[in-house]
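Only one chain is given next, in structure tokens, and it is the form predicted on its own.
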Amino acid sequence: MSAVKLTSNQYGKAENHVVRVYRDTPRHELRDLNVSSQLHGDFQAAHTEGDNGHVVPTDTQKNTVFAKAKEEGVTSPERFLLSLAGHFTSSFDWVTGGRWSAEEYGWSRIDGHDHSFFRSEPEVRTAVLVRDGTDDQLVAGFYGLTVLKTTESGFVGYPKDKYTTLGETEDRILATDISTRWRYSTTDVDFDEVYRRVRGIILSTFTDHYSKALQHTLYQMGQNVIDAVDEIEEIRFSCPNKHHFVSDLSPFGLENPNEVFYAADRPYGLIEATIAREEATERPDVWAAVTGFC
């Protein structure tokens, strides 16, 4: 038998979908979260000896999510994850940290009704907390926000070889699904307010310039977020270029001055970038933990 050792490990209960309704007045409020909890710590014996003495059951982790939603409420996904981390690391000496994540789904009132809602936000809000001892690293963001502009975008000046068929254009549709995450430098934050600000900055930046490429636009989005929000150290984007090709209508005797397009779902360009403060410390370990174990 080969000599082996246990290195990194974590475990927990994934995708606990909790809906917290506030019924203090006839006008109800709600928060809708999908929460995952994974613990880090001294779990060596569980793996090597089958000794479960330190294994806080995943069912207990699930129950804690729902109990904390009642006891402490849900003011923001980020604050709720900090509450869970504080509970597990203070309740069990051998739990030294963990990874807690949440997705939030946005609801709005139907015609201002007191207790009837519809799923209103096109994007899904995200938060991930990684705790290692006394160090907290908090990453927030969203995905699934589809945006499109019908002009003020082009793509020219790129290298060409014998395989290049794409023609240059100074007037095209630019469309993408925005997926973004930003890393906080502190947890002393009004998370809901910062989320609204970042979302607004990203949307307004998409509209306010002539885009020479999706890379050009993502960089300006990141620059504007960093400029406006002191608590953010860096921001990442992963965005497909949702190609819209001008349809050739000449066989039908029709001109097409950028009015009718074929929207191709694949293949697509995939543009990714990280924009950070000049003085920010790079934390590849945090991003690796945020994106998952395998």
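Treat the numbers as computed from the prediction; the structure is a model and nothing was measured. We number the residues from 1 along the sequence you see. Between two forms, the rigid core is defined as the largest C-alpha subset superposing within 1.5 Å.
Absent from the display: the form predicted in complex with a further copy of the same chain. The rest refers to it.
>> Please tell me which of T96, S185, T151, T75 lies within 4.5 Å of a further copy of the same chain in the predicted bound form, judged by heavy atoms.
In response: Checked against the cut-off, the match is T151.
> Taking 4.5 angstroms as the cut-off for heavy atoms, does D132 touch a further copy of the same chain in the predicted bound form?
Replying inline: Looking in the predicted bound form, residue contacts with a further copy of the same chain do not include D132, since no heavy atom lies within 4.5 Å.
> For G86, is any heavy atom within 4.5 Å of a further copy of the same chain in the predicted bound form, or not?
Replying inline: Residue-level check for G86: no, no contact with a further copy of the same chain.
>> Under a 4.5 Å heavy atom criterion, is L145 part of the interface with a further copy of the same chain in the predicted bound form?
In response: Yes, L145 sits close enough to a further copy of the same chain in the predicted bound form that at least one of its heavy atoms falls within 4.5 Å.
>> I'd like to check something about V189: if you look in the predicted bound form, is any of its heavy atoms closer than or equal to 4.5 Å to a heavy atom of a further copy of the same chain?
In response: Because no heavy atom of V189 falls inside 4.5 Å of a further copy of the same chain in the predicted bound form, the answer is no.
> Taking a further copy of the same chain in the predicted bound form, which residues along 156 to 175 bring a heavy atom to within 4.5 Å of it?
Replying inline: The stretch touches the partner through V156, G157, Y158, P159, D161, K162, Y163, T164, T165, L166, D171, I173.
>> Using a rigid core superposition, assess whether P26 undergoes a CA shift of 2 Å or more between this form and the one not shown.
In response: No.
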